[in-house]
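Take a look at this single chain, the form predicted on its own, given in structure tokens.
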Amino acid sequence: MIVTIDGPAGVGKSTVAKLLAKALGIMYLDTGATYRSLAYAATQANVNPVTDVKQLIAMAKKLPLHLQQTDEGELQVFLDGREVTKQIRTEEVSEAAAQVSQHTDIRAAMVELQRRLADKHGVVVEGRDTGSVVFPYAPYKFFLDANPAIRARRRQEELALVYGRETPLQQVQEQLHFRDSLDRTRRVGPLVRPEGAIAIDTSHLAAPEVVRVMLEHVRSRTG
């Protein structure tokens, strides 16, 4: 079973994907974490995410990435044996990941990595192009979206909760706008609603309500 969940930042993809994976008894896979891991590795090695394309491609093909799921369903990210779960979620790494993901050859290498990670398990996978590029033939696809102002507040709350950092709402809105622009206009794997995906507006829905809608759809298809 492969379930894809696509959408921009701040719509609740990660929270919903973890809950859905737990409900279905399968693995949760965050494709964004793979790009963030590459971007983090690049920043640590002083590799420019815009200009040092050849080095980035080489790093992507040999990225020592390991993903592990806790009993609570949380995703732990390890690079070369060292946990970097929190380090890859900073705004600096987020912007670098958006720039890294613009390169065609890098995306091709990362898609292969993501497919390998999902190869041995049923997965609920979330990202920007999971239903359109990574798993185009997935039997269950969803596309989440929400009001931009609500997305910004959610991201602001996440930064405060995870990093203890108070970020001005205007700054968060500008960062989301920048990320959206890159995601929607890139030549390869742009953010789109995948063909056949069920669209859900999460603006006024709590995560369990979104999961309920998804489960109803999956179970109606599986009987």
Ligand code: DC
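Keep in mind it's a predicted model, so treat the numbers as computed, not measured. Start at 1 with the first residue shown and count on from there.
The discussion below concerns the form predicted together with 2'-deoxycytidine-5'-monophosphate (DC), not included here.
- Taking non-hydrogen atoms only, Pro194 never approaches 2'-deoxycytidine-5'-monophosphate (DC) to within 4.5 angstroms in the predicted complex.
- At a distance threshold of 4.5 angstroms between non-hydrogen atoms, His121 is out of contact with 2'-deoxycytidine-5'-monophosphate (DC) in the predicted complex.
- Among heavy atoms of Ala98, some come within 4.5 Å of 2'-deoxycytidine-5'-monophosphate (DC) in the predicted complex.
- At least one heavy atom of Arg36 is located within 4.5 Å of 2'-deoxycytidine-5'-monophosphate (DC) in the predicted complex.
- Per the 4.5 Å heavy atom criterion, 2'-deoxycytidine-5'-monophosphate (DC) in the predicted complex is contacted by stretch 175-183, the sole one of 63-71, 175-183, 44-52, 161-169.
- Taking 2'-deoxycytidine-5'-monophosphate (DC) as it sits in the predicted complex, the stretch 138-153 never comes within 4.5 angstroms of it through any non-hydrogen atom.
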